[in-house]
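Only one chain is shown below, in structure tokens, and it's the form predicted on its own.
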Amino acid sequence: MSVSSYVTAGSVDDVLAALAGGARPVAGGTDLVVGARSGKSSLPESLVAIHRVAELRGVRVSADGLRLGALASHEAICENEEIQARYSALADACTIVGSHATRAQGTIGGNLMNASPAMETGGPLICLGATVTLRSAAGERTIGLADLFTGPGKTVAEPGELLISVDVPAPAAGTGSAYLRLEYRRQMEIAVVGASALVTVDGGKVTDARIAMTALAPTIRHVPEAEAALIGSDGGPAAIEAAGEAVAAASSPISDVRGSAGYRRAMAAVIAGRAIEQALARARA
């Protein structure tokens, strides 16, 4: 299938009008074009380019938190020093998305709405408590990122809705976060197994913990059992091991050419443990 209609929007209202007419939004195109070229998916009949819409741009860090416009690139996110310091897991993830070219062109909005269970940014943002704002011609709504995904390539977004922004609250004092993945190469790779961890430490005890798994289920999701193993503990080896085992137990991976389900489940405990260790080290620092 080839594109029969392509328009460039100058405003959000232009985009929403095109979406109401059945168009699909495109910005960096790093998923859309690759999918079409590989034969995994066909190009939509109608596209609306959103890369010139100023309202969708921006990376803004304040005392209250972080706001990412839907068009914020992975490069802009991972190179921001405040994000590196305060939202480390997100910086970790954006640093290893695709290649240099992918990071320069790919957007956070496209990454999230693509809804791949192996995406890098979803786990960190879920752990960081992110919300997303969706807008259509009928109005606007804000939902937790954890509630956005319903399955591989699927979200709760209605036809005609556009992701406008991502908001992340400021982490509490004594908080550290990290994202790690199992990979076979350093560039143009997606996670075989990925884990995100956020921990808050006070007085030598873990007072809060959020753990999310990537490429281990139909959607990226947090693991309450792993969080419970850490909260109230000293963050020592026994607690980390228990948390890693909880991630493995909660996973339901598939087998494919990149790894069997059994291998992924075994590696889930290892990668989760390493992510927790790194998050703890950052929290204590």
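Numbering starts at 1 and follows the sequence shown. Since we're looking at a predicted model, the values are computed, not measured.
As for the form predicted together with a small molecule, it is not shown, yet the points below apply to it.
For the three residues Pro25, Ile50 and Gln105, a heavy atom within 4.5 Å of the small molecule turns up in the predicted complex in every case. Within 4.5 Å of any heavy atom of the small molecule in the predicted complex lies no heavy atom of Arg210. Shown alone here, Leu66 lies farther than 4.5 Å from the small molecule in the predicted complex, counting heavy atoms only. Under a 4.5 angstroms non-hydrogen atom cutoff, the small molecule in the predicted complex lacks Arg86 among its neighbouring residues.
Put simply, Ile96 is close to the small molecule in the predicted complex: some heavy atom of it is within 4.5 Å.
You can rule out all but one of 160-168, 139-147, 124-132, 193-201: in the predicted complex, only 160-168 has residues with a heavy atom within 4.5 Å of the small molecule.
Here is the short version: of Gly58, Pro224, Gly29, Pro218, the single residue with a heavy atom within 4.5 Å of the small molecule in the predicted complex is Gly29.
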